[in-house]
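Next comes just one chain, in structure tokens: the form predicted on its own.
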Amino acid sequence: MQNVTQTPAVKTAIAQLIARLADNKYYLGRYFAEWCSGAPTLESAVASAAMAQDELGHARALYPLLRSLQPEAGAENEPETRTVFSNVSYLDQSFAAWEDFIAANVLIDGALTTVFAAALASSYEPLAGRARKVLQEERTHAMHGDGWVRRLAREGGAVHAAIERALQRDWDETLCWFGQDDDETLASAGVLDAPPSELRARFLAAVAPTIEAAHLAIPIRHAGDGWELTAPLPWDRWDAIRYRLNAADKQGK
């Protein structure tokens, strides 16, 4: 297998990818755990605990890769001493309501799963190995998110509006998170098996049927055999270094 980490530019891109995956997993795990005693049903509380454990386990498996990729970073490679995280901005704070939990489960966790699936045959073998285990555990997360989106939407009225708002709030940032279409560094090196545009298409194929079935006002539509966005993404507000929407610009959106 090609040792792509010998190429400085690709090595940097891999380290940035691992940081994005690890940091978002870390915060998902922390915030999922906060709902172990506050979820709306006993079954969902148990699921919250299991999902939190999975997410934190995924993060713990990824951070050691940063130590080998960028040993000079020292304490920045550890979540407890890290000062700059590469998480999406809507994971800067705990979930205020159950629908925020579900939106994060469906969107950012779904986006992470899309990327792990694209890394199953990665030329960076440590990522491929971790991807296989992550995907085994993520199947139940996807089922949980899908079921709850449909359940909340069926409630109608304020409940339907709440899950719709939560998804709308996180939507643009999640779609931007795959990266800009002209950034093919990871795909060209075989680290991922597809460029950002294809990863976005795969993600839409995974989440759009649930959104459509739940009659939620999200800017997507059928396009041939696939799905397409019906509104442009806010690339002018995108921080390509930290992979997130700029917080100041996102306020009031």
Partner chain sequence: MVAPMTSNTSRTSGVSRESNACAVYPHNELWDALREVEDPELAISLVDMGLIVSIQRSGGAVAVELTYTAMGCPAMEMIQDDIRSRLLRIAGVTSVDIEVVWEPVWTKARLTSEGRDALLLSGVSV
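Small disclaimer: the values here were computed from a predicted structure and weren't measured. Numbering follows the first chain given and starts at 1.
FYI, the form predicted together with the partner chain isn't displayed, but the following is about it.
Colleague: Which one, Ala61, Ala206, Ala187, Ala45, lies within 4.5 Å of the partner chain in the predicted complex by heavy atoms?
Modeller: That would be Ala61.
Colleague: Which pick from Val159, Ala128, Ala97, Ala73 sits with a heavy atom within 4.5 Å of the partner chain in the predicted complex?
Modeller: Spelling it out, the residue with a heavy atom inside the cut-off is Ala128.
Colleague: Please determine, with the chain shown alone, which of 214-222, 192-200, 31-39, 50-58 has non-hydrogen atoms within 4.5 Å of the partner chain in the predicted complex.
Modeller: The contacting stretch is 50-58.
Colleague: Using a 4.5 angstroms cut-off on non-hydrogen atoms, would Gln136 count as touching the partner chain in the predicted complex?
Modeller: Answer yes; at least one heavy atom of Gln136 falls within 4.5 Å of the partner chain in the predicted complex.
Colleague: Is Arg132 close enough to the partner chain in the predicted complex to count, meaning some heavy atom within 4.5 Å?
Modeller: Result yes; Arg132 sits at the interface with the partner chain in the predicted complex.
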